[in-house]
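Just one chain is shown here, as structure tokens, and it is the form predicted alone.
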């Protein structure tokens, strides 16, 4: 078990270095000069050269990569060209917002998906089953950014009950110690701040959570359908166990494993989807910052963001593997 964990960590480190190298090279071969976007029209050649030297863009590609990798290993992610701040501090400031958004969407998707999958299994071979499947198909077909736009029209324009942008009302000043506003306000029982943060997160969370919930419903409903015809379920039914108890106590335990693995993969897509959804709602997370970094061709910030996204994907996959092993003793012992 320990050897397996060490091997996974080594592979993860190599993967991150590989991703960083690919992004590093691609950013420097595409057209466009990030320094040209920073300088004023009357800047002298000496000023331009000094600015290139400051950001390490005056050396050859191999030297630039070695300098960047060496700084990265020492914990220095570089300086943002457009924001003139350290990349690591920017990531530490924006990442909590995206993590709260992503995990809230995951919680909504799991709760809604579990409920509808169990309901659909209970309603099998009835008139309600096609209706549930049709609604699930609709949620599955509509991408997250379309849900975001529909929610903006519904609850931001026609029935304006939810805030359209931002993360918290500027008039609310609770002196947050961390950037995890939702969690901190709840732990400190700052209910006014908690309600305001939650209201700002509501539409982005729904937009991100609905497509994932539809995936969970489809996967889990099929897995439950297969589990319900197994011998141990039939035996439990002969003993007089109710259908709901059969699903929750017998079938769900064995159907959750495959669903969990595929949900973890879909969760990585959900995190990628935060880029567009955060942009639509002007939500101050790393997704919104990634769009600005690409527009400004901020090389150090783009590199830091890509590495952060890659690290999140790797950690999510490791967590999913651990949970799959927890629910499946054969994988755990193997």
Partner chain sequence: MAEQVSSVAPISSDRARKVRRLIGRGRRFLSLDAKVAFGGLIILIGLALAIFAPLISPADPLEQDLMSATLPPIGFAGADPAHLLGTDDLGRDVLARLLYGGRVAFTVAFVAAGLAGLIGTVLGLVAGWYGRLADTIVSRLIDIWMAFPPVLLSILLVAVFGSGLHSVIAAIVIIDWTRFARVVRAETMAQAALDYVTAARAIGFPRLHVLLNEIVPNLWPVIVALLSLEAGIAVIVEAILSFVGLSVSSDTPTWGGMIASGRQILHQGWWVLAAPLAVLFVTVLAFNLFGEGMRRTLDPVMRR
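Since we're looking at a predicted model, the values are computed, not measured. In this text, rigid core is short for the largest set of C-alphas that superpose within 1.5 Å between two forms. Positions refer to the first chain, counted from 1.
The same protein has a further form, the form predicted together with its partner chain, not shown here; the description that follows concerns it.
- Its partner chain in the predicted bound form comes within 4.5 Å of no heavy atom belonging to residue 200.
- For the chain shown alone, residue 77 is not a contact residue for its partner chain in the predicted bound form, no non-hydrogen atom being within 4.5 angstroms.
- Contact between residue 27 and its partner chain in the predicted bound form is found at the 4.5 Å heavy atom cutoff.
- Shown alone here, residue 276 lies within 4.5 Å of its partner chain in the predicted bound form, counting heavy atoms only.
- Screening 92, 71, 153, 161 for any heavy atom within 4.5 Å of its partner chain in the predicted bound form leaves a single hit, 153.
- Although the partner is absent from the chain shown here, 157, 265 and 290 each have a heavy atom within 4.5 Å of its partner chain in the predicted bound form.
- Comparing 181-189, 135-143, 83-91, 110-118 against its partner chain in the predicted bound form, the single stretch with non-hydrogen atoms within 4.5 angstroms of it is 135-143.
- After superposition on the rigid core, the Cα of residue 11 moves by 2 Å or more between this form and the one not shown.
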